[in-house]
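In structure tokens, the next block holds one chain alone, the form predicted on its own.
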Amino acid sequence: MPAIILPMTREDILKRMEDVQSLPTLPPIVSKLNEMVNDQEVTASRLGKIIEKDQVLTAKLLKMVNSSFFGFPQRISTIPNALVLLGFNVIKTLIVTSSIFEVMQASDVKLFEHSLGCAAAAGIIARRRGIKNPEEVSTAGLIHDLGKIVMRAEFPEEYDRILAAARERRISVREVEEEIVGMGHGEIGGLLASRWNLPESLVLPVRFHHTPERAGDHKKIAAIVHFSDILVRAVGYGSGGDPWVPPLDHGAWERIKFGKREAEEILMELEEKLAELQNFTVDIS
């Protein structure tokens, strides 16, 4: 009889995450930017000049901000311009996560594609729903599966067991996570995003993208990310780790619902963006 393996406790997970070793470390520039952004006198130009001292990071950022999941009609050629158009929260998040997405692109290209697709869909829906900063919603879509990246990197044995159990039992990865790890990927991703001092408008949609009505003041953003995740899975772009389309949360649908004609328009717009993203890479080498 096989041994019964109990799930890790919440305390075990939190302790392991206190010193995440397998993910790329945060660039030193993040601490400097955090200090500067608290200065009310600081300008986008000054912040941009600090970032632009790192030429590799600058090239990665400009590549990401000019990609189809943000969808700006004109090319953004400087970091100060990107800061003005996207805001510090988005740029900081891209700085923090650009190296992680480079790793994910190499190790799990299907999850990378799924994340790009979710970002594109979230931006389309956010603009149609009049969200003040649709680029931040795109960014929430981009990092919504951050917890899966953490699990793959920090809990590789458990993650392999999760994938195997999901395949064998023909259920979603999410349904197995709590059994084996003791915590879902949404909560793990939210914990890491919070540890990186990302704003609640990103942390809560990441944490609650499967249960968006729990996202406090950011329920609408979480609802958009939730539906975008479902939509991108339904069209078959990339993979979230299993072939199943998650159930649609009724409360989330009530916040963003649209009719058949608008749904067709969203799908057409999304197909165009996904085609443009087909060969997108973070690597600039």
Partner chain sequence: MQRIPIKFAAAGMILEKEAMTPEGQVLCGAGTELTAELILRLEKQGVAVLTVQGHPVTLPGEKSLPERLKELDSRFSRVKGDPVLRAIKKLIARMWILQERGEEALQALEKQGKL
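Numbering follows the first chain given and starts at 1. Quantities reported herein were computed from a predicted structural model and do not represent experimental measurements.
Absent from the display: the form predicted in complex with the partner chain. The rest refers to it.
Give a yes or no on whether each residue among Glu52, Phe101 and Val103 has a heavy atom within 4.5 Å of the partner chain in the model of the complex.
-> Negative, none of the three is within 4.5 Å.
Should Phe227 be classed as touching the partner chain in the model of the complex when contacts are defined as heavy atoms within 4.5 Å?
-> Within the cut-off, so yes.
Using a 4.5 Å heavy atom cut-off, state whether Ile171 contacts the partner chain in the model of the complex.
-> Ile171: contacts the partner chain in the model of the complex.
With a 4.5 Å heavy atom cut-off, would you call Ala59 a contact of the partner chain in the model of the complex?
-> Ala59: no contact with the partner chain in the model of the complex.
Interface membership of Glu175, the partner chain in the model of the complex, 4.5 Å heavy atom rule = Although the partner chain is absent here, Glu175 would touch it in the model of the complex, with heavy atoms inside 4.5 Å.
Go through 214-222, 250-258, 28-36, 43-51 and give me the stretch that gets within 4.5 Å of the partner chain in the model of the complex, heavy atoms only.
-> Looking at the partner contacts, the answer comes out as 250-258.
What residues in 66-80 sit within 4.5 Å of the partner chain in the model of the complex, counting heavy atoms only?
-> Counting only heavy atoms within 4.5 Å of the partner chain in the model of the complex, no residue of 66-80 makes contact.
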